[in-house]
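Just one chain is shown here, as structure tokens, and it is the form predicted alone.
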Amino acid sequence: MTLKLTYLWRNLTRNPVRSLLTCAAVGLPILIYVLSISVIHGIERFLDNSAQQLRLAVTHKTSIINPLPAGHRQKIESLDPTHARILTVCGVRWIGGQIKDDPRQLTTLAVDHDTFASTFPDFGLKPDEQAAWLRDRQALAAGGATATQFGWKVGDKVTIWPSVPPYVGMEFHIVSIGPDAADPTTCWCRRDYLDEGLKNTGAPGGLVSFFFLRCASKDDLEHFRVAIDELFARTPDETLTQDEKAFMNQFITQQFNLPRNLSILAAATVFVAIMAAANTMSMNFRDRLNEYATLKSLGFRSGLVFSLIQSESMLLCAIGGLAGAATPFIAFNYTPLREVQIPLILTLQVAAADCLAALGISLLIGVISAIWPSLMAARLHVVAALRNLE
């Protein structure tokens, strides 16, 4: 064992530049892999949280960009007059927006003020904040991350220029900065204030982008998912009703299909790492052909030669993989980077399990990349090898 370890160490330090570059060629793809998998898992956690809220999303059947009449809310509520199964219905209209002379985009939603707090309890609106929200038509409940980013605090007045016609600035009074909000980036304002502004400019009001409704149970969720679409079937404004997890998943897919693209990126980086490591091990084999010939002529068995090359490749890739997996784990768990807010997934959580999986992949890369040189060295005939020494 000592002889084997000494041999491996000498081989690794024989050409330190090549060893270092190979470790980097494996470590960088592993780092990208860990970050990609962490983002994918973050999106999955976001979608799982959406599923726990027992909310349905009602959109126009043809496209999410086609608005629905705000009057649909009363028709949806009429499906359960007792309000025992449909707890609350809230119309939502997306207006986006940004601060004047500031390129940073905002996610601002105008909602029915009377049902906002009960439909989105995960925002965490406190009683005094809810009272201010109901009292002030210009109230704005800002996500915690957005408030921190723009330096807002409760009581501030801000003017947001919507991203939708007629593009007229709207002044808001911040009543909450949602420090415990499940979505810390979205800002919420009252839809009646938006409709008032639209009416003053002659733009059409009384429209919503979609409805959210909370149900009492999973059975109610499934029942009304079908009942609402049947209610508006064969009307000019047919609906598509989905649970919130499916709705958000569809929204993410339509916007940038991030999970699929990151999965492709992760697979591509692993493939690149295999190619880089395989190239290095092939070069090592060619450079050390005389050495393998000497080992074979001294009586080293083919299995031992095979294992020496495999061990060297695995050790090289393990060092690179350890560096690639440990870097994001330390950076996003023990440095200020752990406070960085990312849309949808909030903060990037790099799990130890993902890093261990990445380390396992780096070992697998080492095995795969050394298969060909290992087999060639094991099959090397003594006579041919000795002739090669000349």
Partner chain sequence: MTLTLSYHWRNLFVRKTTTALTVLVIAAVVGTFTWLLGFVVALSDSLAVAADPRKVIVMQRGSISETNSALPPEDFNKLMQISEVASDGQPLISPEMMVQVSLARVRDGGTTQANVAVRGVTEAAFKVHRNVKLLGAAFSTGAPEIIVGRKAAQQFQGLQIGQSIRLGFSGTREYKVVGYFSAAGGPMESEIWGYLPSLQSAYGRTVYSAASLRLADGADAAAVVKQIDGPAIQLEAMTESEYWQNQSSNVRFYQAVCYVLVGMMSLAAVFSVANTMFSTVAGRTREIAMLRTIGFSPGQVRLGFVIESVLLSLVGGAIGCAGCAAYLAIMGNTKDMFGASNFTTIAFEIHLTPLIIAGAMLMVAIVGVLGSLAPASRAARIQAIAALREP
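Positions refer to the first chain, counted from 1. Only the largest set of C-alpha atoms that superpose within 1.5 Å between the two forms is called the rigid core. Note that the structure is a prediction, hence the values are computed from the model and not measured.
Missing here is the form predicted together with the partner chain; even so, the following discussion is about that form.
- Although the partner is absent from the chain shown here, none of Leu295, Leu304 and Leu375 has a heavy atom within 4.5 Å of the partner chain in the model of the complex.
- This chain is displayed alone, yet in the model of the complex one of Asn200, Gln149, Asn290, Gln98 has a heavy atom within 4.5 Å of the partner chain; that residue is Gln98.
- Of the residues given (Ala131, Ala227, Ala216, Leu265), Leu265 alone sits with a heavy atom within 4.5 Å of the partner chain in the model of the complex.
- Contact annotation for Asn66: at least one heavy atom lies within 4.5 Å of the partner chain in the model of the complex.
- The shortest heavy atom separation between His60 and the partner chain in the model of the complex is within 4.5 Å.
- In the model of the complex, at least one heavy atom of Leu28 sits within 4.5 Å of the partner chain.
- Among heavy atoms of Ile371, none comes within 4.5 Å of the partner chain in the model of the complex.
- The stretch in contact with the partner chain in the model of the complex, judged by heavy atoms within 4.5 Å, is 265 to 273, chosen from 265 to 273, 217 to 225, 70 to 78, 172 to 180.
- Contacts between 4 to 33 and the partner chain, taken as any heavy atom within 4.5 Å in the model of the complex, involve Val17, Arg18, Leu21, Thr22, Ala24, Ala25, Leu28, Pro29, Leu31, Ile32.
- Fitting the two forms on the rigid core leaves the C-alpha of Leu213 displaced by under 2 angstroms between the shown form and the other one.
- The rigid-core alignment places the CA of Ala277 2 Å or more apart between the shown form and the other one.
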